[in-house]
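Listed next as structure tokens is one chain, alone, in the form predicted alone.
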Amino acid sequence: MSLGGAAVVLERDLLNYRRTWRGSLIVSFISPVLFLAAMGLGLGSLISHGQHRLVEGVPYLDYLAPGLLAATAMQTAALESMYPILAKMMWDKIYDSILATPVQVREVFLGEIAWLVVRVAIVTVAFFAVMVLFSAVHSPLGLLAVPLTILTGLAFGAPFFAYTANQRNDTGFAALNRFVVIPLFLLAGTFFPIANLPLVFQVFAWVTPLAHGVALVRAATLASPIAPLAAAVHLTVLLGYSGVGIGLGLRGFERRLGE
């Protein structure tokens, strides 16, 4: 196997994206502007005056923005790793056409993982630029939020690839969104501290990647100190989900496309 086949698959995705990048990029800027204006400034202004306006010692906008950044990476990764992948497998038969060439299944999978990283990176950079415009980044170390957010997206996207590879129709995607993606968006520390939740929801949040991604991204943008052990645990969880997801996803692709 060479990486040339994976590069070809990535090139195909980039060429396909060339037809829609303008609208996609506009949405990538408009969405965070609306979210931060409505939730960060609008909702933040409704919180009681004085010190009670602070959440964990910072204004609500500054608290909210990094959480939304990480959550947006999760949502983007989920979107890119479900319907588009199943369509290429089942409905459009794109992978069948690709595999009729010297490109191997492993290269197809690696190319799609590379595209997932690129897609999440585009959304992340756009959102981060909006955060800078809203003065929600308080240190040059905030730039670390970009790779940390991309890693958060990969920690979701790779396992979702494995899930998609085992689906025979799209009915399971609605359940995945309803019982995983949406609850995590609401409960994984994006809008308020996880410690405010009942214990069962705290456990649910911390055993999944988003809470760990939010913690790291928030620490970076706020330039707030974080214990080395805590940072190591957060990174380990994200890397673990990414690594296991890639392994299971590759196995699923090989089993599914080798049929």
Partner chain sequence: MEAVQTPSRSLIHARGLVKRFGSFTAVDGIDFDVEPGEAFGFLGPNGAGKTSTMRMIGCVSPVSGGSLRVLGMDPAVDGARIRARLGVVPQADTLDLEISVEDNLFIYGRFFGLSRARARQRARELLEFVQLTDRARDDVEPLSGGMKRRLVIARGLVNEPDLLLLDEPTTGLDPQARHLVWDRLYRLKQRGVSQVLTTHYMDEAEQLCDRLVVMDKGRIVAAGSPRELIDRYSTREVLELRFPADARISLDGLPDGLAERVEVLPDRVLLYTADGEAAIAGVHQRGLVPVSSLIRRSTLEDVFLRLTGRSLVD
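Values in this document were obtained by computation on a predicted structure and should not be read as measured data. Numbering follows the first chain given and starts at 1.
What follows is about the form predicted in complex with the partner chain, which we do not show.
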query	finding
Non-hydrogen atom contact Arg251 with the partner chain in the model of the complex at 4.5 angstroms	no
Exercise: Pro147 in contact with the partner chain in the model of the complex, heavy atom 4.5 Å	no
Any non-hydrogen atom of Thr236 within 4.5 angstroms of the partner chain in the model of the complex	no
4.5 Å heavy atom contact, Arg19 and the partner chain in the model of the complex	yes
Answer range among 67-75, 86-94, 176-184, 125-133 for contact with the partner chain, defined in the model of the complex as heavy atoms within 4.5 Å	86-94
Heavy atom within 4.5 Å of the partner chain in the model of the complex - residue from Ala114, Leu99, Val137, Ala162	Leu99
